[in-house]
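One chain comes next, on its own, written out as C-alpha cells in the form predicted alone.
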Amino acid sequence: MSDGDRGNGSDRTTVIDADGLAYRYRDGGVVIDGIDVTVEAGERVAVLGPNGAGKSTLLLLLGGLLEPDAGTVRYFERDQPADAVRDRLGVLTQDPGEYLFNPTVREDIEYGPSQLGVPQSVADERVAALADRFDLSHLLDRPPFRLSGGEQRRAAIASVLSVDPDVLLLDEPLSNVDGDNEAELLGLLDDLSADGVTVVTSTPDTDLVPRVADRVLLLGRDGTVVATGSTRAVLTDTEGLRDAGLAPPTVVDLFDRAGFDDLPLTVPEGVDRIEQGSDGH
C-alpha cells in the first residue's frame, strides 16, 4: 500500500465514514442508536465506553462484519461494500481463538493471503516477516491451542496483518494479556501507527486510551455518542466521564481531587507538574 493510500499531512483520505448507524438485538434491545463516525487515514482513534455500551458492536459494524439496521458505511471515500475492500480492513475481536483455527500458526498467518489469491512466494515472505516482527518464528509449526495467552494474541494480530491492511480495528486488544506482553503489544501498535496504519481501538480502560489514541469517541449506555474530541479534552472532562459510567484516568483523577487546573493526562506529565511545584492550584 502506498503512502498516498494511507494519507500523510493535512490532505488525508477518509477511510471510514459512517452515517446514522443503528443496530438492535433481535429481541428489540438497542445497542447502537444513530452513530456517526469519520476516521481519516493514519489516525489513532479510541472507541471508549463502559461495558455494555456497544463498543464491540460498533467495531464490527465499521469493519463490515455486521449489517446495520439503519445507516451506511463508506470506505475510502467510495460507496462500496466492506467485502470489496476486505484486504484493506483488519478486524481483531477480543477472542484470538476466532482467528486461530488452523493446525499450525504458520497456516493461520497464511490463511488471509491464500483467500485473497496472494502468490505463495509473497505469502511466504509475509509469514516470515510477521513471525520475526511478533517473535513467532519458533512457534510457526505449533498448534495455536498450545500457545500462551500473549502468544495467541500476537499470532492473531499477525494473522490479521497478513493481508497488509490500511485500517486496523482492535476490540480490547490487551484483554487478558499480562504486563510483559502488554508492553510489547503497545510498542507494536506504536510501530504500526508510525508506518501509517490507521488504528481504531475499543476499550473501557481510560488509563489505556492516552497510549493508543489521539482522538476519542465516547459512547454512553444508551448506544449514542456522548462526547468526541481530542484524547486530552475527553479524558480531562471528569464529570463527563463519570456521567458516562467511567472512572477518569488515575492520574487525571488524582490531580483533579488535589485541585489542580490544566490536568495532566499521563504519569510523566504528572511528574513534570509535581517537579514544577503547585502553580496549577
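Numbering starts at 1 and follows the sequence shown. Since the model is a prediction, treat every value here as computed from it, not as a measurement.
Not on display, but discussed next: the form predicted together with a small molecule.
Legend entry - the small molecule contact in the predicted complex: G34, any heavy atom under 4.5 Å: No, G34 is distant from the partner.
Legend entry - P68, heavy atom within 4.5 angstroms of the small molecule in the predicted complex: P68: no, not in contact with the small molecule in the predicted complex.
Legend entry - Touches the small molecule in the predicted complex: E172 (any heavy atom, 4.5 Å): Answer yes; at least one heavy atom of E172 falls within 4.5 Å of the small molecule in the predicted complex.
Inset, instruction - Mark G64 yes when one of its heavy atoms lies within 4.5 Å of a heavy atom of the small molecule in the predicted complex, and no otherwise. - result: G64: no contact with the small molecule in the predicted complex.
Legend entry - Segment that reaches the small molecule in the predicted complex - one of 25-33, 208-216, 248-256, 226-234, heavy atoms within 4.5 Å: Selected range: 25-33.
Legend entry - Heavy atom within 4.5 Å of the small molecule in the predicted complex - the one residue of Q94, S193, S137, N181 that qualifies: Of the candidates Q94, S193, S137, N181, Q94 is the one lying within 4.5 Å of the small molecule in the predicted complex.
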